[in-house]
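For reference, the chain that follows is the form predicted on its own, supplied as C-alpha coordinates.
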Amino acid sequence: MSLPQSLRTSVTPPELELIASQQLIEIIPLIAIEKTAFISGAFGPLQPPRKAQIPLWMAINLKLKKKCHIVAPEWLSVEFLQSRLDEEINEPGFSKLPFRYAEVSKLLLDVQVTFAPDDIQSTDKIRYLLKDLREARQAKSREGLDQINRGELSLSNLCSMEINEIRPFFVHAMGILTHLHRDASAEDQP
(Lines give C-alpha, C1' and ligand atoms only; values in the text may rest on other atoms or scores of the structure.)
Protein backbone atom coordinates (compact mmCIF):
# COMPACT_ATOMS: atom_id res chain seq x y z
CA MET A 1 0.00 0.00 0.00
CA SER A 2 1.35 3.39 -0.96
CA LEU A 3 1.11 6.17 1.61
CA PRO A 4 0.50 9.80 0.64
CA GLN A 5 3.64 11.95 0.59
CA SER A 6 2.65 13.80 3.78
CA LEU A 7 2.62 10.57 5.78
CA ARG A 8 5.92 9.21 4.49
CA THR A 9 7.96 11.50 6.73
CA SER A 10 5.85 10.92 9.83
CA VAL A 11 4.73 8.09 12.01
CA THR A 12 1.12 7.06 11.36
CA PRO A 13 -1.50 7.41 14.12
CA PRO A 14 -1.84 3.61 14.55
CA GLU A 15 1.93 3.41 15.01
CA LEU A 16 1.75 6.13 17.67
CA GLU A 17 -1.02 4.15 19.39
CA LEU A 18 1.21 1.07 19.35
CA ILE A 19 4.01 3.05 20.98
CA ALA A 20 1.59 4.50 23.54
CA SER A 21 0.31 1.04 24.42
CA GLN A 22 3.62 0.45 26.22
CA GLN A 23 2.70 3.03 28.88
CA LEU A 24 1.85 1.71 32.31
CA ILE A 25 -1.72 1.96 33.52
CA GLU A 26 -3.38 0.95 36.74
CA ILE A 27 -5.83 -1.94 36.85
CA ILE A 28 -7.79 -3.91 39.41
CA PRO A 29 -7.31 -7.55 38.45
CA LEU A 30 -10.23 -9.95 38.74
CA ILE A 31 -7.99 -13.03 38.60
CA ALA A 32 -4.67 -13.98 40.15
CA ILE A 33 -1.72 -14.13 37.76
CA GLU A 34 1.87 -14.97 38.66
CA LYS A 35 4.68 -12.65 37.70
CA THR A 36 5.09 -12.91 33.93
CA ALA A 37 8.12 -11.87 31.88
CA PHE A 38 7.75 -10.12 28.53
CA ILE A 39 10.28 -8.46 26.24
CA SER A 40 9.34 -5.09 27.72
CA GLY A 41 9.74 -6.31 31.31
CA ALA A 42 8.19 -8.47 34.01
CA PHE A 43 4.72 -7.65 35.33
CA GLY A 44 2.81 -9.06 38.23
CA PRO A 45 1.98 -10.85 40.30
CA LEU A 46 -1.64 -9.73 39.99
CA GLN A 47 -3.74 -10.36 43.09
CA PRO A 48 -7.38 -9.27 43.25
CA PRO A 49 -8.46 -6.74 44.52
CA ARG A 50 -5.01 -5.13 44.84
CA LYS A 51 -4.28 -2.50 42.17
CA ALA A 52 -1.37 -3.14 39.83
CA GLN A 53 0.41 -1.25 37.08
CA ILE A 54 0.81 -3.00 33.76
CA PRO A 55 1.29 -1.87 30.13
CA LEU A 56 -1.79 -0.52 28.42
CA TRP A 57 -1.73 -3.30 25.80
CA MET A 58 -1.88 -5.92 28.56
CA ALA A 59 -4.65 -4.06 30.38
CA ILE A 60 -6.72 -3.90 27.20
CA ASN A 61 -6.11 -7.59 26.55
CA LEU A 62 -7.22 -8.52 30.09
CA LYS A 63 -10.24 -6.19 29.83
CA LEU A 64 -11.34 -7.82 26.59
CA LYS A 65 -11.29 -11.15 28.45
CA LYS A 66 -13.17 -9.56 31.39
CA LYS A 67 -10.27 -10.30 33.74
CA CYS A 68 -9.67 -6.77 35.06
CA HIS A 69 -11.10 -3.30 35.57
CA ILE A 70 -9.06 -0.46 34.11
CA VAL A 71 -8.53 2.48 36.46
CA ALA A 72 -8.81 5.63 34.36
CA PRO A 73 -5.82 7.97 34.61
CA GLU A 74 -6.44 11.12 36.68
CA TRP A 75 -6.23 13.27 33.58
CA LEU A 76 -9.02 11.32 31.83
CA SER A 77 -11.84 12.99 33.75
CA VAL A 78 -14.35 15.68 32.87
CA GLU A 79 -13.01 18.06 35.55
CA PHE A 80 -9.36 17.78 34.50
CA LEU A 81 -10.07 18.07 30.78
CA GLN A 82 -12.45 21.00 31.29
CA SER A 83 -9.80 22.86 33.28
CA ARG A 84 -7.21 22.21 30.54
CA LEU A 85 -9.66 23.36 27.85
CA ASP A 86 -10.30 26.59 29.77
CA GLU A 87 -6.53 27.04 30.07
CA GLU A 88 -6.07 26.46 26.33
CA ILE A 89 -8.69 29.06 25.49
CA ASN A 90 -7.59 31.71 27.99
CA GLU A 91 -3.79 31.31 28.20
CA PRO A 92 -1.23 32.01 25.47
CA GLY A 93 0.83 28.80 25.85
CA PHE A 94 -0.13 25.16 25.59
CA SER A 95 -1.53 23.57 28.74
CA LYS A 96 0.42 20.72 30.32
CA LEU A 97 -0.97 17.34 29.28
CA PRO A 98 0.58 13.87 29.23
CA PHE A 99 2.82 13.48 26.18
CA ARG A 100 0.70 10.64 24.78
CA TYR A 101 -2.72 11.76 26.02
CA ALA A 102 -4.34 11.60 22.55
CA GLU A 103 -3.29 8.03 21.85
CA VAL A 104 -3.95 6.66 25.36
CA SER A 105 -7.38 8.31 25.56
CA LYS A 106 -8.34 6.90 22.16
CA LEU A 107 -7.28 3.39 23.12
CA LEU A 108 -9.09 3.53 26.45
CA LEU A 109 -12.26 5.07 25.06
CA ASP A 110 -12.40 2.57 22.19
CA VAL A 111 -12.26 -0.31 24.68
CA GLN A 112 -14.71 1.54 26.92
CA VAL A 113 -17.44 1.65 24.30
CA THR A 114 -17.64 -2.08 23.76
CA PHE A 115 -16.10 -3.83 26.74
CA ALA A 116 -15.72 -1.51 29.70
CA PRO A 117 -18.80 0.63 30.20
CA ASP A 118 -18.20 0.68 33.95
CA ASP A 119 -14.54 1.75 34.04
CA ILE A 120 -14.69 5.37 32.81
CA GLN A 121 -17.51 7.73 33.69
CA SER A 122 -19.05 10.31 31.29
CA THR A 123 -17.35 9.00 28.17
CA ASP A 124 -19.42 11.13 25.79
CA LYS A 125 -18.52 14.33 27.64
CA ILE A 126 -14.86 13.25 27.77
CA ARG A 127 -14.88 12.64 24.00
CA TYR A 128 -16.33 16.11 23.36
CA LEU A 129 -13.78 17.73 25.68
CA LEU A 130 -10.91 15.87 24.00
CA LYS A 131 -12.18 17.00 20.59
CA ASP A 132 -12.50 20.62 21.74
CA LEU A 133 -9.08 20.47 23.37
CA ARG A 134 -7.53 19.10 20.20
CA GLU A 135 -9.14 21.83 18.08
CA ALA A 136 -7.98 24.58 20.45
CA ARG A 137 -4.44 23.20 20.45
CA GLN A 138 -4.41 22.86 16.65
CA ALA A 139 -5.44 26.51 16.33
CA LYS A 140 -2.56 27.51 18.63
CA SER A 141 -0.16 25.35 16.61
CA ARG A 142 -1.20 27.09 13.40
CA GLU A 143 -0.74 30.49 15.05
CA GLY A 144 2.71 29.46 16.29
CA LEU A 145 3.75 28.23 12.87
CA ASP A 146 2.69 31.56 11.35
CA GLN A 147 5.39 33.22 13.48
CA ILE A 148 8.11 30.74 12.58
CA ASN A 149 11.66 31.98 12.08
CA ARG A 150 14.84 30.23 11.07
CA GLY A 151 16.59 30.70 14.38
CA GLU A 152 14.22 29.33 16.97
CA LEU A 153 10.86 27.66 17.46
CA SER A 154 9.43 26.90 20.85
CA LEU A 155 6.19 24.97 21.12
CA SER A 156 6.49 23.42 24.56
CA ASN A 157 3.86 21.03 25.95
CA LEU A 158 2.87 19.61 22.56
CA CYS A 159 1.92 15.95 22.64
CA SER A 160 3.33 13.27 20.34
CA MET A 161 0.31 13.25 18.01
CA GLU A 162 0.44 17.04 17.60
CA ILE A 163 4.18 16.99 16.89
CA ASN A 164 3.60 14.24 14.36
CA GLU A 165 0.84 16.25 12.63
CA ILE A 166 2.94 19.39 12.14
CA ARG A 167 6.22 17.62 11.37
CA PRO A 168 5.80 17.42 7.54
CA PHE A 169 4.85 21.09 7.26
CA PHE A 170 7.53 22.16 9.71
CA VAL A 171 10.31 20.25 7.95
CA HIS A 172 9.25 21.70 4.60
CA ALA A 173 8.93 25.26 5.99
CA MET A 174 12.31 25.13 7.72
CA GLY A 175 13.90 23.89 4.49
CA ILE A 176 12.47 26.85 2.59
CA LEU A 177 13.54 29.31 5.30
CA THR A 178 17.07 27.89 5.30
CA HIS A 179 17.19 28.10 1.50
CA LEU A 180 15.98 31.74 1.56
CA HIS A 181 18.49 32.62 4.28
CA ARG A 182 21.30 30.97 2.29
CA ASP A 183 20.27 32.88 -0.87
CA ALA A 184 20.18 36.19 1.05
CA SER A 185 23.60 35.50 2.55
CA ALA A 186 25.05 34.71 -0.89
CA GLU A 187 23.72 38.00 -2.31
CA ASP A 188 25.28 39.99 0.55
CA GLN A 189 28.77 38.64 -0.13
CA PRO A 190 30.87 40.47 -2.78
Partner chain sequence: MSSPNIIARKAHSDGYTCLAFSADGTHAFTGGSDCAVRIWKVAEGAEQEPGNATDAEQPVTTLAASDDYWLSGSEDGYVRRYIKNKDELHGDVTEEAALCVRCIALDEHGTRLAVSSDNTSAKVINMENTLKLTTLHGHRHNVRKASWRPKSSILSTCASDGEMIFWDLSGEEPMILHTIDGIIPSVTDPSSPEFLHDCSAVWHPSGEQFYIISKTHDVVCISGKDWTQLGKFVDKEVIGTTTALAVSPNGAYLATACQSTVFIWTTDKRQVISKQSVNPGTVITQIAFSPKEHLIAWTDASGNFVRWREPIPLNLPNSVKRLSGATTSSSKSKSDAPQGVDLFGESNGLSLDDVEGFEDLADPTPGEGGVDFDIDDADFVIDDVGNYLEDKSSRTRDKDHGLVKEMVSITKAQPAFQPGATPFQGNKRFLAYNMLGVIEATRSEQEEYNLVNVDFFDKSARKSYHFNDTHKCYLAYLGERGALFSSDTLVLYKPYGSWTTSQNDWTYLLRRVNTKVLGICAGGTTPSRSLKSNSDNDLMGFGNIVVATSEGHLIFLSGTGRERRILALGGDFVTMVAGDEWVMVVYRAGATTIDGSQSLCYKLYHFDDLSVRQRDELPIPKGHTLKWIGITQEGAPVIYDSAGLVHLVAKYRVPHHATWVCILDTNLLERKTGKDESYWPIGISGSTFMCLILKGRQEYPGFPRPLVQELPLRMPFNTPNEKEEEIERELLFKDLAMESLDGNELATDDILSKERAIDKEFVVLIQGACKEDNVNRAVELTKLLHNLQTFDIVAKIADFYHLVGFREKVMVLKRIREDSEDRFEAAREKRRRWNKIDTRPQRLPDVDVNGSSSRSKAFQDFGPPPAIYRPGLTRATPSVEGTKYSSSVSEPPSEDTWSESLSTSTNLLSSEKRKRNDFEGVEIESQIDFNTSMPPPPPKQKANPFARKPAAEIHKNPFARKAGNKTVLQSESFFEKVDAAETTPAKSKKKSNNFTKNKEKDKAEGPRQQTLFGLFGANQNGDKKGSTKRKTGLTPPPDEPESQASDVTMADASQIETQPDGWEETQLIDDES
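Numbering follows the first chain given and starts at 1. All values derive from a computational prediction rather than experimental measurement.
Below, we turn to the form predicted together with its partner chain, even though it does not appear here.
By the criterion of a heavy atom within 4.5 Å, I28 is counted among the residues contacting its partner chain in the model of the complex.
At the 4.5 Å threshold, heavy atoms of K51 reach its partner chain in the model of the complex. Mapping the unseen interface onto this chain, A32 counts among the residues with a heavy atom inside 4.5 Å of its partner chain in the model of the complex.
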